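Presented below, as structure tokens, is a lone chain in the form predicted alone.
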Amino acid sequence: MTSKLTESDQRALSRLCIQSGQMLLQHGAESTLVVDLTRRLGLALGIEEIEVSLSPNSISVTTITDRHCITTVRQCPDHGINMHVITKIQHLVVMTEHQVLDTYAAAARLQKITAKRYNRWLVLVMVGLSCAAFSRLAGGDFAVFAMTFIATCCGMLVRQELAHRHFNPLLNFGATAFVTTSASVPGFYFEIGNNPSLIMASAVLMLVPGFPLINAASDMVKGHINIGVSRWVMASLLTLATCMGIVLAINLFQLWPWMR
């Protein structure tokens, strides 16, 4: 199969491989997974050798067949974490390896993979309940639970609206933290619940960049230092923006006496 590949076939396969890697990187897959799946897809489709190189904002794929080398580079703007896309591409690679899909079927299937989005109101309610549950685990009563749910929903609504309008993620996190903290202020002023400080502390947990931090650590441990450092820096900046939003709200509403 390998010797029968023409230059046109090799170019088509190179584009297919880099498209799969590009989609994986854009939707938050860890670097080792991106490299592994891209290589496996190329080898399964008949390419003799394939090398994949990643940078924080781009991916480069080099394919070699019959001593003919083709290198392709693509930009990878961030599209947000989406495990649906990553899982679908994994299934595609496995099906290609088992010869269930040929080149044309794999390309057609890859074109149909789109990011699945849950209903925004369902996400808002579930995130609100999650943060409210954290307040209960921290010892808050049901009044704290209810206030945490409300504060989280207010912040999540702002976060969704800013994301929908493609605002910078740093601005998004800072504004969301400010609104979430501000929405918890009535808990301090009217002494709602047994521990009003838990409202603010639990509501802003939705802004912890857990997935980017885990990916960053995993990338650095597995040798992808540049990608890992880039993701770590971005997660740190998101955390800094969140802290600035919280501190701004605390200063604006004079909440420091309740913080001691």
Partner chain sequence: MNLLLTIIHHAFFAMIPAVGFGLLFNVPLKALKYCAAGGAIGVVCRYLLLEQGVSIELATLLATSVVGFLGVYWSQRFLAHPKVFTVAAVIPMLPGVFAFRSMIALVQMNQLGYSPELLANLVDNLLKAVFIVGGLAIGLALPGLLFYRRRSVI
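This one's a predicted model, so the numbers in the text were calculated from it and none came from an experiment. Numbering follows the first chain given and starts at 1.
Missing here is the form predicted together with the partner chain; even so, the following discussion is about that form.
Checking 225, 217, 192, 70 against the partner chain in the predicted complex, a heavy atom within 4.5 Å turns up for just one residue: 217.
Only one of 185, 101, 110, 127 comes within 4.5 Å of the partner chain in the predicted complex through a heavy atom, and that residue is 127. With the partner left out here, the partner chain still marks one of 102-110, 86-94, 70-78, 162-170 in the predicted complex; by a 4.5 Å heavy atom cut-off that stretch is 86-94. Heavy atoms of residue 39 never reach within 4.5 Å of the partner chain in the predicted complex, leaving it off the interface. In the predicted complex, the partner chain stays beyond 4.5 Å of every heavy atom belonging to residue 64. Heavy atoms of residue 45 never reach within 4.5 Å of the partner chain in the predicted complex, leaving it off the interface. In the predicted complex, the partner chain lies within 4.5 Å of some heavy atom of residue 134.
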